[in-house]
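Below, in structure tokens: the form predicted alone, a single chain.
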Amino acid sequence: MSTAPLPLHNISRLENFGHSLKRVAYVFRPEHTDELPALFEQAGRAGLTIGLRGAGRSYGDAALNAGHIVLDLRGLTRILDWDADTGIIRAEPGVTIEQLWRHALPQGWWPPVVPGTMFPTLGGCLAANIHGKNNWQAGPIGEHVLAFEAALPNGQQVTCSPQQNSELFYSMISGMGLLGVFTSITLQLKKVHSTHVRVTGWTQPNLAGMLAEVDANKDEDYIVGWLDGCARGSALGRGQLHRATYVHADEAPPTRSNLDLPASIMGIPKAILPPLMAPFVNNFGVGLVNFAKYTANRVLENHKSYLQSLVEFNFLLDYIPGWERIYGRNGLVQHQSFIPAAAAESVYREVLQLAQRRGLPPYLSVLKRHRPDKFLLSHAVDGYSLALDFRVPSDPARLVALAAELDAIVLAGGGRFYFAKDGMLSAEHTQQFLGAATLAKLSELKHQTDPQHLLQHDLFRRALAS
């Protein structure tokens, strides 16, 4: 293949969300979807691959493409059509979850599935097939996509829906940007009758109680649990739970014109919180904070019910801008596993105990309930997920070794993984959880849509390339 040099001014350093991985790549920022075919052609002439990047909120290496090309799609931010009567919206892939709710919520519509942050792009959300705190009820975001248009590296422009080009529909959604580039996405939003939900919070003293309560409340509109990853013995897996239910207009407070997140927390300006939090980001400090938080919730707020805006309830990761930097210069990684219900307690008990024995307890642990779906690279099971945030130690090899051990435990329990959060899964473990048939189907579709294998990223070469 002949090569052609690319402009040096396009070279940029990129990081993942957790700031644990830093890579250099040629970055291009298209502002119109009709620029994509020329960029594919340019990459082919240069003998380079293309990785797709939205807001860069992946905890792993899905939006990194070291030494090659990265297409930053945040310039594709047009809302192309909006029907306030039906809640159907058509948008470009760079439109963010924040843009969606700001556009639609004043007219009584809300994105049907959102992650814990409002900043990811719609294209990135489809590529990872994100889930939220309502997965058992609503499924992943892909179940609410009515259709999409895409530019393929083979030069074709395609329209896909559950009825038209359905195989590609169920593969590009969840396909981590390896088969084509979304150029427009048609999404059905959810009708809501107020800007608020009714939230109830309570505690459970151990892992078994947390799992049982999440399962018992899985038919609520939202349910999520927060585990204390430092608690041991009979208190292993204790934590707090929050369920939320959409409310009718007459139950909600008067609509505020400003639904932004609060500028301060407990009277402290958010800008100064990260420096105040940083000294506690160690095993002793996090254990102390977790104990204090659990005790306060158990004594003062157990089973209290209150109204909270949809924005405040759903986007907890956005309360403190830059919070992820408190983990220090080596950053953080997340390990998220999905375990069938029958095996969840034994698997998660072993996972938490092993992390503690290795001296690397998770500093944030989030528990959710899930249901299966039919997308190609699905992470879903009829069971639970547990997302664990780890501070990268001064010797990162310790964490890499722990991740491999955790992966083996998860696989032995019939578990699965989520590529948007993964940064360390091996190709061997990917083969085990996806299976040979799924990987063969991905390879077949990639040969059809991308015969030159232009669309790649660091995650693909690490975990998915055959």
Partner chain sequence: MTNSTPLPSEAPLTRRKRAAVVGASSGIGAALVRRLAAEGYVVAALSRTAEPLHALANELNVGGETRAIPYAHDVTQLEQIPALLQQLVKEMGGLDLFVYCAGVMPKVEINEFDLQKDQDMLAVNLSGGIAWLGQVAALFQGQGSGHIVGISSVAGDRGRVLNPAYNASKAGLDTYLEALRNRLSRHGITVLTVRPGFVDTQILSNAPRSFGVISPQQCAAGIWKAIKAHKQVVYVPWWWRWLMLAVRNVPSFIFRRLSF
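Residue numbers count along the first chain shown, from 1. Not measured: the values here are computed from a predicted model.
Beyond what is shown, the protein has a form predicted together with the partner chain; the following relates to that form.
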{"item": "Listed residue (50, 55, 36, 424) with a non-hydrogen atom within 4.5 angstroms of the partner chain in the predicted complex", "value": "424"}
{"item": "Interface residue in the predicted complex among 114, 333, 76, 187, criterion: non-hydrogen atom within 4.5 angstroms of the partner chain", "value": "333"}
{"item": "Interface membership of residue 397, the partner chain in the predicted complex, 4.5 Å heavy atom rule", "value": "yes"}
{"item": "Partner contact for residue 445 in the predicted complex: the partner chain, 4.5 angstroms, heavy atom", "value": "no"}
{"item": "4.5 Å heavy atom contact, residue 68 to the partner chain in the predicted complex", "value": "yes"}
{"item": "Proximity of residue 409 to the partner chain in the predicted complex, heavy atoms at 4.5 Å", "value": "no"}
{"item": "Stretch 135 to 172: residues contacting the partner chain in the predicted complex, 4.5 Å heavy atom cut-off", "value": "none"}
